[in-house]
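Given next, in structure tokens, is a single chain: the form predicted on its own.
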């Protein structure tokens, strides 16, 4: 049995090496995705165009405006006209406008409320929330730092950031990108390999031989597992060099979990390939069932708590969900085995289910003795 599995593995390895274009794309495409996601995805909104209309034109109003732009959340925008809503926000020149009344400084210095009008473009919900919260916080800080806040606050909070004190987005995005990338491309390679067996009718020879479905899957999967480990080393190595993402604690959970996750990816690709009738169907199956779920239902960008029922139930059978927790723990939190052992167990269970599902499909297709 072991010899038959090994021979099948060597056969798959020889076929993979023979196609140089596939070999190149197997390593270049994951790197391209890493670069695109690592540099393009930004969860923090900066440089929001902001229009200002200052009717007071006093040193206090100018200091208030300077404080708003000192947050680096906003950038001043030039606009023509007298109405910031009509001339700046409606045409899309600015995402928000701050209108300071003529008696702003006089009322503030007299300890009287001075309403400052803020108009926000609500078509982008995330930007609107960032603008609202930033201006509220900046106004409170401006009043307190200028000694204009009436009374002293009874409660003072002191905030300390753990795990990522520099608020580097790469520490959050890049480990998640590892999971998405290593889910898509190994499964794509294995699904295409399975479909080629069917298109070339070489799968019939396998069915007619004494090679069982389990042996066939283990042999084919072992070859692509070695390829996937190579992809993981390349992707994580480049990610470490370009983004400075390094281990935050014990790396052994990641070292153990990565081959298990890659095995899940390969088994998923073999399952899709065994069900697809051609290469186009295999690619569409991996793209829809694999990429979209890994991107949207794994917690890569959006918190899992935001996914509504019943779609939230589907997240429990997405292996990427668990591997993202392992990678983020390895590179950001550093909790080690105590924090991720349950995710490793979930990957093992899902891999076992994928293996049995694919084996049953192939067993039903085998020729009877």
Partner chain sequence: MAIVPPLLPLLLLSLSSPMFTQLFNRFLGSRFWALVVKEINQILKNRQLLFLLIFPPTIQLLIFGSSLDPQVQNLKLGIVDYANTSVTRELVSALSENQIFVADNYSFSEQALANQVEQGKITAGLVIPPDFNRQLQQGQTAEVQVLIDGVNANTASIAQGYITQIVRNYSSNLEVNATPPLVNPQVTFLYNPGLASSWFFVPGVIGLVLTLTGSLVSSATVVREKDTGTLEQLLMTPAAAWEILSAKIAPLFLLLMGDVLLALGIARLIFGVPFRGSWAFFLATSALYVFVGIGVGILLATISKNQQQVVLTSFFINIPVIQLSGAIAPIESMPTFFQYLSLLDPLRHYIAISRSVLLKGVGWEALGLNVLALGAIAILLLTISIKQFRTQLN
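Numbering follows the first chain given and starts at 1. Small disclaimer: the values here were computed from a predicted structure and weren't measured.
If you look for the form predicted in complex with the partner chain, you will not find it shown, but the lines that follow are about it.
- Checking 71, 252, 139, 145 against the partner chain in the predicted complex, a heavy atom within 4.5 Å turns up for just one residue: 139.
- The partner is absent here; in the predicted complex, the one residue of 85, 214, 226, 233 having a heavy atom within 4.5 Å of the partner chain is 85.
- Within this chain, residue 167 lines the site of the partner chain in the predicted complex, having a heavy atom no more than 4.5 Å away.
- Remark: residue 116 counts among the residues lining the partner chain in the predicted complex, judged by a heavy atom distance of 4.5 Å or less.
- Within 4.5 Å of some heavy atom of the partner chain in the predicted complex lies at least one heavy atom of residue 332.
- At a distance threshold of 4.5 angstroms between non-hydrogen atoms, residue 311 is in contact with the partner chain in the predicted complex.
- Listed stretches are 217-225, 159-167, 234-242, 256-264; the contact stretch with the partner chain in the predicted complex is 159-167, by a heavy atom cutoff of 4.5 Å.
- Not one of 77, 182 and 317 places a heavy atom within 4.5 Å of the partner chain in the predicted complex.
- Of the residues in 107-126, those that come within 4.5 Å of the partner chain in the predicted complex through at least one heavy atom are, in sequence order, 108, 111, 112, 113, 114, 115, 116, 117, 118, 119, 120, 121, 122, 123, 124, 125, 126.
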